[in-house]
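Take a look at this single chain, the form predicted on its own, given in structure tokens.
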Amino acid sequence: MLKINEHYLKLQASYLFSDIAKRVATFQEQNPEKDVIKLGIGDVTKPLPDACVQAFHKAVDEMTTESGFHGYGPEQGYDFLRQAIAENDFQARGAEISADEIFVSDGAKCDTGNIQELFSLDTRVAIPDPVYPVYLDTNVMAGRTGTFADGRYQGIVYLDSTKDNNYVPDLPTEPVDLIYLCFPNNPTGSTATKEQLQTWVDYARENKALILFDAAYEAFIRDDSLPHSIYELEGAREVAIEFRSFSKNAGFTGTRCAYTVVPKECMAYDSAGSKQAVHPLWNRRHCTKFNGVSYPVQRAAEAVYSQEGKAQIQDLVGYYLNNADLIAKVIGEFGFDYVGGDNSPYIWIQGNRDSWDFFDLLLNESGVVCTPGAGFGKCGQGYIRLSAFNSYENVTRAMERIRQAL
């Protein structure tokens, strides 16, 4: 008799986006004359930068010739892209990351979900709340949690991110082995200073723990004092793995390209307490279970680091941050407490009411779709998230409607 992995049965049904879709569909059926402006999902709306498009076309043309055709590529990524990433995203900021410590993939979601396979099932996991759901759900699937009760899984150490700590969680008060951090944060848009991140790095070094650092939104940082990478901090190479993506800065959400950095000094431990390098383990997992990103897509990603590409990326990021500024301005006019928007495309708003009630208010009174914070964890109740990923024209219209509704 074939048996299923019963840990999947512990997963809570993902009502968040299905409920959003149902409520929006009902609103549109009842109000067919009204259009809906969506500021909920974190998907970009602007097209690919021209530098990436030109590189994409050139690479596809290469594939049509005998001399330029590329078959199976290296699972870790082509050297031309890995070298460009190392030089531009890390070495240029004083972080000593080499090209062979970079693993190109088809998405940061996949990597943040798959990385947990390297670690034992009795690993004690610390996860922020509110949280990007993939961190939690993949550990539930693996069997590292107990049952779900009162909005949380037994066996997980939750790191509350609230107004009281400026949405940057405090160090855990009980032992943990694996720590998920995300800055600029999804969903709150909060950022962490070098001093705050150094505290986490020091904790991990002292406690033989490992940090999984999601930096998918680092391109939106415009405060020069904030770190773009955890490897800007002393000792981080020993205790941190970093995840990046081309989805939000270069619009690759439909093209798919990302990467993970695993320094060679990064260590975990076997059952005898002996150090084991994580780099070769991830390399083996990557080569065994991943086919690699296509050659044309990697050439398009490489173009992000060209002179033209850098300028176009800056314009794209600036466009979305301009949207965020407008959202934050309007929300501030009504006296709501919020975080994010200044170094992030997300604005996390304390609504002083149930998250879904606030969602329904904005949808029914203004035709604007947000994301209820309760869908991101227990600490998200009472909040909503607005996304700057839309056209400036739509954001302007949405903010005017919200003004009228509130």
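Sequential numbering from 1, following the sequence displayed. Note that this is a predicted model, so its numbers are computed, not measured.
Another form exists, predicted in complex with pyridoxal-5'-phosphate (PLP); not displayed. Remarks below refer to it.
Contact check for K109, C182 and A258: all three have a heavy atom within 4.5 Å of pyridoxal-5'-phosphate (PLP) in the predicted complex. Proximity of S306 to pyridoxal-5'-phosphate (PLP) in the predicted complex: non-hydrogen atoms within 4.5 Å are absent; the residue sits far from the partner. Among residues of the shown chain, L197 is not one whose heavy atoms approach pyridoxal-5'-phosphate (PLP) to within 4.5 Å in the predicted complex. With a 4.5 Å cutoff on heavy atoms, F336 does not count as touching pyridoxal-5'-phosphate (PLP) in the predicted complex; it lies far away.
Residue contact with pyridoxal-5'-phosphate (PLP) in the predicted complex: Y135 places a heavy atom within 4.5 Å of it. The stretch from 143-151, 298-306, 182-190, 199-207 that comes within 4.5 Å of pyridoxal-5'-phosphate (PLP) in the predicted complex, counting heavy atoms only, is 182-190. Site annotation in the predicted complex: the residue of Q76, Q83, S294, S247 reaching within 4.5 Å of pyridoxal-5'-phosphate (PLP) with a heavy atom is S247. For the options E101, E218, D89, D214, the residue carrying a heavy atom within 4.5 angstroms of pyridoxal-5'-phosphate (PLP) in the predicted complex is D214.
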